[in-house]
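The chain below stands alone and is given as structure tokens, in the form predicted on its own.
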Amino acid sequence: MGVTVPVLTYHSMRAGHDAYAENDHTALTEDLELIHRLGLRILPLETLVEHLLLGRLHECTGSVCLSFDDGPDLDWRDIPHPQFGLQKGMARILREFASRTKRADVHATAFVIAGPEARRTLDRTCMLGLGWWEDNWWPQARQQGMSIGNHSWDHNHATLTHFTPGCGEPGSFNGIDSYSACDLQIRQAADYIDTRLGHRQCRLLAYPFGEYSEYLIHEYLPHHQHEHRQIAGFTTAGEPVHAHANRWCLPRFVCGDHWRSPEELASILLGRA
């Protein structure tokens, strides 16, 4: 298969007990140390995609990429959890690691849900309803080196109070299989994110639930790129990216699903998974 690059995915909402397997903040802290001990580079996800599209994935040998999904404030800010105490923001964990190790390559992409009303609802239904799902941190995060990616308009989440016609069964992204549904979930989300960040900065897409339709990856994304402006899409397939991977169907590993300990992650990073 040649050179492969694992893309690791964390959910900062997994912020319960401090145990590694239950708290992605704890896991990220330990995983960064493992990455450092193994001598791996941390590559921006967009750089990985650019090398893949140019046929130069071999230049990414010895690299790993980091991403966060959903875009709650916990990706960027420290949050005082009423039950579990202060949770360091994922960005702070990255900054402290970079400062301690003197590394200049520490980078992550936060894939955010764009729709403001959807985020307000999800803040109540998926977290504690304390206003932890804002977008006012996106510009600062981007200015300070964290990329902001597209995680759809509203995730087509099952707990939303208003569902968009034509988007299929709530709680799945497999039903996003028409131009109108794709345009709403992908292009509208990219437009909104870019209004917060500036001109055409949102270029990467991560599918909610890791799911996609054949129409989405074979028709809408490749044939309407001038509209949605995305250059690649990511699943949660649990494999490393390889040179012949479909740019619209790139795999990622998910913390808590594909690994639950540093030992299991080491197997992934060393290509033994």
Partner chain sequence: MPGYIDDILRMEHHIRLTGWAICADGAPVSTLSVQADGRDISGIECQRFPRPDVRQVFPHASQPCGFSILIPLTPLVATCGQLCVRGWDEAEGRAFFLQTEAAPAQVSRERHHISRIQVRRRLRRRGYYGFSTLKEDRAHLCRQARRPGKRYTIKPDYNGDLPATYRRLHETYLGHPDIHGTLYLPGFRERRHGLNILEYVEGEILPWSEDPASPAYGGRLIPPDTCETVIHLSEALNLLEVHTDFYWKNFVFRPDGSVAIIDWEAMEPCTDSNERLAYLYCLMFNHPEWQNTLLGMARSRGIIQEENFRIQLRQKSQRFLDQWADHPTLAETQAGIHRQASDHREFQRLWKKGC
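Positions refer to the first chain, counted from 1. Here the structure is a predicted model, which is why all the values come from computation and not from measurement.
Below: the form predicted in complex with its partner chain, not depicted.
S.K.: Just checking whether His223 would be counted as a contact of its partner chain in the predicted complex - the rule being heavy atoms within 4.5 angstroms.
M.R.: Yes.
S.K.: Evaluate Tyr192 for contact with its partner chain in the predicted complex, applying a 4.5 angstroms cut-off between non-hydrogen atoms, and reply yes or no.
M.R.: Judged by the heavy-atom cut-off of 4.5 Å, Tyr192 is well away from its partner chain in the predicted complex.
S.K.: Is there any non-hydrogen atom of Ser178 lying within 4.5 Å of its partner chain in the predicted complex?
M.R.: Ser178: contacts its partner chain in the predicted complex.
S.K.: Look up in the predicted complex whether Glu33 has a non-hydrogen atom within 4.5 angstroms of its partner chain, and give yes or no.
M.R.: Because no heavy atom of Glu33 falls inside 4.5 Å of its partner chain in the predicted complex, the answer is no.
S.K.: By the heavy atom within 4.5 Å rule, which residue out of Arg119, Arg203, His157, Lys88 makes contact with its partner chain in the predicted complex?
M.R.: Answer to the contact question: Arg203.
S.K.: Just to confirm the contact call: exactly one of 51-59, 64-72, 34-42, 235-243 touches its partner chain in the predicted complex at a 4.5 Å heavy atom cutoff, so which is it?
M.R.: Of the options, only 51-59 has residues within 4.5 Å of the partner.
S.K.: For this chain shown on its own, do Leu8, Tyr20 and Glu22 all sit within 4.5 Å of its partner chain in the predicted complex, going by heavy atoms?
M.R.: Per the other structure, none of Leu8, Tyr20 and Glu22 touch its partner chain.
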